[in-house]
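Next up: just one chain, as structure tokens, the form predicted on its own.
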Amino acid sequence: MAHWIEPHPTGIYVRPADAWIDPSLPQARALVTHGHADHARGGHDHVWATRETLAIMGLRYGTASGTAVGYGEEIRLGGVTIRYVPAGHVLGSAQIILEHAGERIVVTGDYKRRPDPTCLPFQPVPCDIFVTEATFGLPVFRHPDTGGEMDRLLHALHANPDRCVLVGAYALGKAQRVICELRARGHHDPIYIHGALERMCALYADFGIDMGELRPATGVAAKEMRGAIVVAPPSALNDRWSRRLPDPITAMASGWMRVRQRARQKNVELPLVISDHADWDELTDTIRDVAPNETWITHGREEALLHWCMTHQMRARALALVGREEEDEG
């Protein structure tokens, strides 16, 4: 089955299209699922991606040659029909649907099934081969309700009016989602952001994502940020930048906050289990939904999901792709 696509450590090669999906090395033709650095690299001769992903890549890597592909739009390369549909991961994220020789293959990139105010929801597509991530591919990873985690954050804020809440959130996707989720819970005060988030938040705003009033945190007197929420990259939580804040309650928004040891290692006072990846139930439910003849598992906890597939009489294999990092964007 599907002898026309080849998994390599550096990406998935689509032979009749002479193109690579999310290659980790520069290629002549790259089909890119979304803008995170472990999927979207600079240096390709030509990129096919959603308009949002191309803009994100332009922001991160400078101007690149690319063709924007709208959701649902069909393109053809070397006899392969290619479609991009929403993945629900971050702004512009897409699954790539490949059809050739009577077979359909879905390469999901990264995805989640929960509502996200910053991107379109995941669209299940029945297929012959389903290529899935397994970042949180263990039964212990069952993410709680996002609204409940936001309520915990707001409770900490209101209970400590002389302090601020400093939220560590990955610069692409998680930071903007946390801000929008706070707005949805009725928090309309100005939110302060680290300088490293400003350009990405502006890009989201350019694509119509309303995040309310955002203010640069740099150069603001500590007393002005009392009772406020400050959002910064995870790397800023414990560096010199954070020491000027008014007695911050340190929070981190990540699926990895389910692991208490990780929260302790990062000195996180308020771990928020908010993930942009599918949890165990979402992974297994999605495989049931798309009902593939075979599942390919690209990265993460491959062994557990592979075992689950086998025990449910589903064919599966694990792929050894390099460069898929366990970043704080979990």
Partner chain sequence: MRQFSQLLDSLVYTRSRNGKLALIAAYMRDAPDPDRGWALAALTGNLDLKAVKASAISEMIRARTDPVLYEMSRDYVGDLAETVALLWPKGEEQPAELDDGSLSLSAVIDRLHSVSRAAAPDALAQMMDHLDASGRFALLKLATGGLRVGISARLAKTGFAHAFNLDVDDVEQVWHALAPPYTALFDWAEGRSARPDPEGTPYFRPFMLAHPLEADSVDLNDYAAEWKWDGIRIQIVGTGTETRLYSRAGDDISGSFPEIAQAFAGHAVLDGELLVKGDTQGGEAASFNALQQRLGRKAVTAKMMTDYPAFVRLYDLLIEGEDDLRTLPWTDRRARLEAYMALLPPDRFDLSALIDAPDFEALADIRAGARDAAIEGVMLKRRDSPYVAGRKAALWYKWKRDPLTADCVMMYAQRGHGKRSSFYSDYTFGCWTEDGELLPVGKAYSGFTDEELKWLDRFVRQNTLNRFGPVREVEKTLVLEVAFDSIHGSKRHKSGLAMRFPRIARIRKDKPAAEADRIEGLKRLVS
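Everything numeric in this text was worked out from a predicted model, so none of it was measured. Residue numbers count along the first chain shown, from 1.
There is also a form predicted in complex with the partner chain; it is not shown, and the following applies to it.
With a 4.5 Å heavy atom cut-off, would you call residue 299 a contact of the partner chain in the predicted bound form? No, residue 299 stays farther than 4.5 Å from the partner chain in the predicted bound form.
Is residue 140 close to the partner chain in the predicted bound form, meaning a heavy atom pair under 4.5 Å apart or at it? It does: once the partner chain is placed as it appears in the predicted bound form, residue 140 has a heavy atom within 4.5 Å of it.
I'd like to know if residue 15 sits close to the partner chain in the predicted bound form, meaning any non-hydrogen atom pair within 4.5 angstroms. Outside the cut-off, so no.
Using 4.5 Å between non-hydrogen atoms, is residue 48 touching the partner chain in the predicted bound form? Flag for residue 48 set to no.
Heavy atom within 4.5 Å of the partner chain in the predicted bound form: which of 77, 156, 236, 259 fits that? Just give me the one. Of 77, 156, 236, 259, the residue with a heavy atom within 4.5 Å of the partner chain in the predicted bound form is 259.
Looking at 287, 274, 268, 55, which has any heavy atom no more than 4.5 Å from the partner chain in the predicted bound form? Selected option: 268.
In the predicted bound form, which of 196 to 204, 69 to 77, 96 to 104, 144 to 152 comes within 4.5 Å of the partner chain (heavy atoms)? Heavy-atom contact with the partner occurs in 144 to 152.
Under the 4.5 Å heavy atom criterion, name the residues of 270 to 307 that approach the partner chain in the predicted bound form, in sequence order. Read in sequence order, the residues that approach the partner chain (within 4.5 Å, in the predicted bound form) are 271, 280, 301, 303, 304, 307.
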